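A single chain comes next, written as structure tokens; it is the form predicted alone.
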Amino acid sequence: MKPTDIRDPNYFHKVVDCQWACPAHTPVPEYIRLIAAGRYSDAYLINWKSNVFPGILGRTCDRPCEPACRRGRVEKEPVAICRLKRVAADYKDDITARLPKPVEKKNGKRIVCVGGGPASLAVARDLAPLGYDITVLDQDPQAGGMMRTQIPKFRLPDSVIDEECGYILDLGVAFAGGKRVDSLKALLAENWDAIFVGCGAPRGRDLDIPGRKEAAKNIHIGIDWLSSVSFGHTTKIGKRVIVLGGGNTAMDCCRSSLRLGGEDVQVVVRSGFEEMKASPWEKEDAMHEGIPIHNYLVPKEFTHENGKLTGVVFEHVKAEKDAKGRRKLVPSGEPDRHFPCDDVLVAVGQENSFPWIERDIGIDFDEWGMPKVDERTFRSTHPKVFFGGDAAFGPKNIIWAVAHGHEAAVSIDKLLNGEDIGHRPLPAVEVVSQKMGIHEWSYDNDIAGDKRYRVPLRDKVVALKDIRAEVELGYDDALAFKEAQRCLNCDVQTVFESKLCIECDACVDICPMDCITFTPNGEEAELRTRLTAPAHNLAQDLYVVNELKTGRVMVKDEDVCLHCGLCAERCPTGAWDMQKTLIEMTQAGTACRSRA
């Protein structure tokens, strides 16, 4: 194998698994260390630069960082990265003086964002401080998009949305609430320099089965019903409620139903429990509130009498694999099952709807009715029109929408400065040694078996009485410190200098994970099999250094290394060093332009 080029900015980025897994590439270990030090405002601003909505995401993020967390190498539960983000938001000081100020002298370029959700607000946040004249249009009276309309208040209070959307609008962004866009052609005629479409996936899928029309009064589309609840238009529901679907929207629907008068609320899913799209913690929260989840049942018919819904008939199914190994659901042969109910909430998925985008304005659509969008630049086939969030590639989540917004903002900034938007900037990487003495480091490198600390919850009886009472109370500062101490500081890298190595194998002996090997070189596939501990995870790199005196190479498996620093402490010559890497993605501005 060739020696590893650790100057490649993506090399150590990939080793910081939590940051690599985050779509917005938030420097997770950096802000967790600041939380442990009680520097909540600094931790918040690091988050704000990357993910824009720390308080919102600290309550609602889908947490792609946590399955990647290195704590999972030694324990079952990862660090509570998401809930620590909320700690930074809850305990920060007034940080408004530290945010960018509105630009008085604009640069003359006008940009409009369609939709006031996370993708559009991320674009506005990035571009407004650069002098662009940004206008955000939304059919709802307040900014926030799906964060405000589709996430229940017991999970995300309005005060948090108001605060974090306010930070963006206060940058001089014009927000036009109650402004529905019915024609993109008309918008293009207004001569905007760029248009960003971040309108989300506003249409919930329906079920076309017998009885749907006859019982329509008591059959509701999940996301529309949640919006109606959010705005206070819907304040009650029947005592017996069936929720169809296994995603996060279904979990929000069933938990909201309990708070609006539902006494017998049940969730019915066509797949198995483990295959539900809902996040594991969302399922746990629903079951904690006493909501049963029934699996492998497919709705066949809505039953009704005199125009009134009486229940739903389900067919039992089971999972089988066909001749090609593909999984499919087939009837199990068991008798159909009837669930009596007063209301049904249909949460079987969302889809995009673009009736307001004319098909003769230069935007190509695919066979599924989605605009053709470049996955790197987020530009459509129209040179001035960009898409992001759910509007670009279908429903995902808030953190993906933010990531799309950052990339679209880079594209728009480069476009309006006459640059090639396909040329994407590399991240900024800073590497600093953490050595303070022979056996002292500037970070806590003690590895202890600490189980994850549970987030305190409001008493269930109290929580179910008020749909706006936040259920999760968040960590206090003492619990936050303990949870932050579980972080393994995976951004502090083991860096090896071959010229200093005497090949005494002291590092091999002391490594608790057996991830260091001195061995003859070879092809990667074969080399992986003869390491001290075979390296089976091909997605994570091997750190290879040559030029050892014996002709061997040093190989370290980055997958299982805990960054404990014992190798550096034990090394008698200082060939190993612990160097902290701070990786910051390059956002819109002069740093992203090639001419700079």
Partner chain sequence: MTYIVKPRFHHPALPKNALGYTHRDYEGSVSTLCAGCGHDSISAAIIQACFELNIEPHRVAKLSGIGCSSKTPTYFLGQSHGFNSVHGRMPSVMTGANLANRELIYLGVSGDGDTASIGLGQFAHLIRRGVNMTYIVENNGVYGLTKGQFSATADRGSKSKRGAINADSSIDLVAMALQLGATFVGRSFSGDKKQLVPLIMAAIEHKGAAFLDVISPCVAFNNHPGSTKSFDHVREHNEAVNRLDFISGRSPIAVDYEPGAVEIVEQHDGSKIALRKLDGDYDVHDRRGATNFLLERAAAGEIVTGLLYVEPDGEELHDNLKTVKKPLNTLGERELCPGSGALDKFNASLR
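Bear in mind the structure is a predicted one, so any value in this text is a computation, not a measurement. Numbering follows the first chain given and starts at 1.
Same protein, other form: the form predicted in complex with the partner chain, not shown, and the subject of what follows.
- Contact with the partner chain in the predicted bound form, judged by any heavy atom within 4.5 Å, is made by just one of 294, 372, 482, 73: 73.
- Contact annotation: of the candidates 449, 290, 335, 307, the single residue with a non-hydrogen atom within 4.5 angstroms of the partner chain in the predicted bound form is 449.
- Heavy atoms of residue 62 never reach within 4.5 Å of the partner chain in the predicted bound form, leaving it off the interface.
- Remark: residue 163 does not count among the residues lining the partner chain in the predicted bound form, judged by a heavy atom distance of 4.5 Å or less.
- In the predicted bound form, the partner chain sits within 4.5 Å of a heavy atom of residue 445.
- Among heavy atoms of residue 30, none comes within 4.5 Å of the partner chain in the predicted bound form.
- Residues of just one listed stretch (492-500, 213-221, 506-514, 268-276) have heavy atoms within 4.5 Å of the partner chain in the predicted bound form: 506-514.
- The partner is not shown here, and in the predicted bound form the stretch 82-119 never reaches within 4.5 angstroms of the partner chain through any heavy atom.
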